[in-house]
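Take a look at this single chain in structure tokens; it is the form predicted on its own.
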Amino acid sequence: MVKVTYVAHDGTRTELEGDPGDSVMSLAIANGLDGIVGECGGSMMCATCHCYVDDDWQAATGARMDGEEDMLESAVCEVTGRSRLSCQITLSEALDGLVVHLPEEQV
């Protein structure tokens, strides 16, 4: 199992465990976590799974995928260098302990 900590805009922390191969988005949705909507189901057709990767995890999660930059342009909240679509971050043992921060709103 891979642990991911989701930090809500108000600072509330929720730790969830998922299987390698799951996405950060699918783990959140499967557990009913507020803050990630995932309207397109993870097909990178919206930005309702926007998150900010914690500074300490930027290198481990890697660069944005092709097309991710375009989708992030439609994000409701500010896009920064830490912004990612959580549907494009695949869990692996190397990401055990990952911390992502959620924007104030998604839609």
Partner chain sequence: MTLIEGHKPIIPAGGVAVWDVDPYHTAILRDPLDYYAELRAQGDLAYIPRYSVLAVGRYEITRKVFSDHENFVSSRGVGLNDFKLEDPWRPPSIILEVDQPDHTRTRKVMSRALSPKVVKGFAELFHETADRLVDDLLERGTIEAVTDFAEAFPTTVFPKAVGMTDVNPRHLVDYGAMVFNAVGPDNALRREAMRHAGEIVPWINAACARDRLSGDGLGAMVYASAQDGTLTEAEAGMLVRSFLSAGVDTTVTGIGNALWCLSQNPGQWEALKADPTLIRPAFEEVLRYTSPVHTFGRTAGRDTEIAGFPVEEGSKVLCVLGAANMDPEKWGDPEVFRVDRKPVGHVAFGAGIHGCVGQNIARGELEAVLGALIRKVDRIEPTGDAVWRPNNAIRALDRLPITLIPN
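Predicted model, so just to flag it, every value in this text is computed and none were measured. Numbering follows the first chain given and starts at 1.
This next part talks about the form predicted in complex with the partner chain, which is not shown.
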Would Asn31 sit within 4.5 Å of the partner chain in the predicted complex, counting heavy atoms only? no
In the predicted complex, does Ser74 come within 4.5 Å of the partner chain, counting heavy atoms only? yes
So in the predicted complex, does any heavy atom of Asp55 sit within 4.5 Å of the partner chain? no
Taking heavy atoms and a 4.5 Å cut-off, does Cys51 contact the partner chain in the predicted complex? no
Those residues of 41-57 which, in the predicted complex, come within 4.5 Å of the partner chain by heavy atom: Gly41, Ser43, Met45, Cys46
